[in-house]
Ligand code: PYC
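Have a look below at one chain only, the form predicted alone, in structure tokens format.
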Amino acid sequence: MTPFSNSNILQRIGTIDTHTGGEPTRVVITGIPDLGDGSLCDQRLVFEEQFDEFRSAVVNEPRGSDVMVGALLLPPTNPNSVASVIFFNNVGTLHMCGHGTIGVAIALQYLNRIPTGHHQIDTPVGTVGFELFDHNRVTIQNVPSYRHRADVEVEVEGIGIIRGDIAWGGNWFFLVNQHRQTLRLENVERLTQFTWKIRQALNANGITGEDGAEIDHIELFGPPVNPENHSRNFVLCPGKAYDRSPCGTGTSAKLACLFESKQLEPGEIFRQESILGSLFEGSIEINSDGKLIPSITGTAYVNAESTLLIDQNDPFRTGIRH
């Protein structure tokens, strides 16, 4: 039965919910639509074009929320991988998701599909390695990351000139160090408005990532609350929700910028706080091709094992879409 047919039978979608540093991931394990046998990039496109109602039903209200990130758990495309995954959120699909990969690893462990040790998982932007440790701890070896442009200026309405770096960490980021904002949880509404204006200004001025790619993540940095750490961040995600975790792809982009600015050496640990105070530890290595590979370490926990029910008579069965 295809998702959201006209049948009166309740449709069921099996999920495992986790959170990584406070940021939720809903891993879809059953009831996944048929995306064909193309590449993972092709399957992501099929999911976008043909199953957007499924995406919305899983992560949007009334079953989810703006902050929920979904992950379709699919068979591996690489024979050495344990699974493939397509990430999505309240407004569309994602190229990659660092906190989500950590959450998927813990979900796979919960399902008794993997033991502790080294594994890898396929994503639309490449294969990502990860090390599963005891006590819910995971290190991911992310896709190659880099700074595309440094010290880019943009005129932001009501704010003025903002300067930032454009970098790739599995998603496109605009990273801002000088912003005169206080990165505290009580300032979330102000920070959301501030970063949303930056994103709108980037779009209005045609400022993009490589090959015209949209910059859909904005990341602010400031001093850490815990002096043992190096930085605190605030990350605005594509659907206008802020990241509760320190953001795996955002931390990867930050590591690339630090390396390019000669502020971080391979193997050196960088400790990144989120707006909640949760922590990722990051480091880099340069592979044999000369590409920068970030490693991100964090913890995740299983919150729920659930069956989502889709009732064809429910006017909000496909979620409350933006």
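Please read these numbers as outputs of a predicted model, since none were measured by experiment. Numbering starts at 1 and follows the sequence shown.
Keep in mind the form predicted in complex with ligand PYC is missing from the figure; the text below concerns it.
K.L.:
Indicate whether ligand PYC has at least one heavy atom within 4.5 Å of a heavy atom of E219 in the predicted bound form.
P.N.:
Contact check for E219: no, nothing within 4.5 Å of ligand PYC in the predicted bound form.
K.L.:
Although the partner isn't part of this model, could you tell me whether A71 comes within 4.5 Å of ligand PYC in the predicted bound form, counting any heavy atom of the residue?
P.N.:
Judged by the heavy-atom cut-off of 4.5 Å, A71 is well away from ligand PYC in the predicted bound form.
K.L.:
I'd like to check something about L94: if you look in the predicted bound form, is any of its heavy atoms closer than or equal to 4.5 Å to a heavy atom of ligand PYC?
P.N.:
So L94 counts as contacting ligand PYC.
K.L.:
Is there any non-hydrogen atom of T123 lying within 4.5 Å of ligand PYC in the predicted bound form?
P.N.:
No.
K.L.:
Which residue, A83, L108, V128, C237, is the contact with ligand PYC in the predicted bound form, using a 4.5 Å heavy atom cutoff?
P.N.:
In short, C237.
K.L.:
Please determine, with the chain shown alone, which of 223 to 231, 111 to 119, 72 to 80, 240 to 248 has non-hydrogen atoms within 4.5 Å of ligand PYC in the predicted bound form.
P.N.:
Flagged stretch: 240 to 248.
K.L.:
Need the contact residues for 185 to 205: heavy atom within 4.5 Å of ligand PYC in the predicted bound form, sequence order, or none if there are none.
P.N.:
Result: empty, none.
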